[in-house]
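Just the one chain here, laid out as structure tokens, in the form predicted alone.
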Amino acid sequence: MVQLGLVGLGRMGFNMRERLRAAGHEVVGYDRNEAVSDSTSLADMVSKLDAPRTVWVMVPAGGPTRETVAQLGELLAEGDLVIDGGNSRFTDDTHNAEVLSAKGIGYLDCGVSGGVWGKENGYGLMVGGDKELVERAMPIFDALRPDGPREEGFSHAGSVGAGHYAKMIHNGIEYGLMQAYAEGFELLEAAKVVEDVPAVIKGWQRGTVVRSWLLDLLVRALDEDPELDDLEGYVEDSGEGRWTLEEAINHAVPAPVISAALFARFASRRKDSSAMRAVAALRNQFGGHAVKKVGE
């Protein structure tokens, strides 16, 4: 049994606390939502932990994570360890590690995949940092990862920043996979010859090369709403797709699928695109193609 402080008990953090406790570990959580928090403040949480302490941070990326790490730097002591399990940009990890290192506090970055299903299925973990610190935190990682061989649900990706870099690329790939399934769904719906689109997609779940957990989730969504009529086609992005493309540019690595998937999300937010109005106008000008006027 190990002891862990957990900052941030939202959709992911709450379920991670439950999975860790189910594995026999002691978790002292802190969240601004008093209804789910085990402590009244960060300082109160730290006071309930025995040295050397380990604190896992699951708060929004960017400013909130940097601020939380800085606060922990003032509350923790030499020999303690902080793990950032949020979706931080990998470039933030060097800063966070330096802030804590000045006080003798260790730092690991951990990319976490699994979403709301992680409590039951486990979380895919990608970790960056010193090997000794990774080994120290391994009981926590083993409790959170899926059952089965460790190497199939956990990786020590490299030095500080490598875990979040790996998760960033993971999410970029995810963008492309989701977009491919979405375009296939739309094509099937558009084809009059296909009479039962949900049945076709469900039939891909076994024995086909496109079977995956994402496909299983699409089947689940279609079971609930066969034509997805209850949803608007408006899709946000968490930022990691953009960061992935920035890295592709930095390293001159072609990433046309991921870029197209990200731009498709941008397009989903534009109910009246001036760019597409310009395309319609040009088609009408050079070829006399019909256009649809506003209000028609």
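We number the residues from 1 along the sequence you see. So that the term is clear: the rigid core is the largest set of C-alpha atoms that superpose within 1.5 Å between two forms. Just so you know, these numbers come straight off a predicted model, no measurement behind them.
Missing here is the form predicted in complex with another copy of the chain; even so, the following discussion is about that form.
Contact annotation: another copy of the chain lies within 4.5 Å of heavy atoms from the stretch 175 to 183 in the predicted complex, the single such stretch among 134 to 142, 175 to 183, 67 to 75, 98 to 106. Looking at residue 36, you'd find every heavy atom of it more than 4.5 angstroms from another copy of the chain in the predicted complex. Contact between residue 22 and another copy of the chain in the predicted complex is not found at the 4.5 Å heavy atom cutoff. When another copy of the chain is considered in the predicted complex, residue 61 lies well away from it, no heavy atom lying within 4.5 Å. At least one heavy atom of residue 227 is located within 4.5 Å of another copy of the chain in the predicted complex. For the partner-free chain shown, 246, 247, 248, 249, 250, 251, 252, 253, 254, 255, 256, 257, 258, 259, 260, 261, 263, 264, 265, 266, 267, 268, 269, 270, 272, 273, 274, 275, 276, 277, 278, 279, 280, 281, 282, 283, 285 of 246 to 285 come within 4.5 angstroms of another copy of the chain in the predicted complex, judged by any non-hydrogen atom.
Once both forms are fitted on their core, the CA shift for residue 23 between this form and the one not shown remains under 2 Å. Relative to the superposed rigid core, residue 280 undergoes a CA displacement of at least 2 Å between this form and the one not shown.
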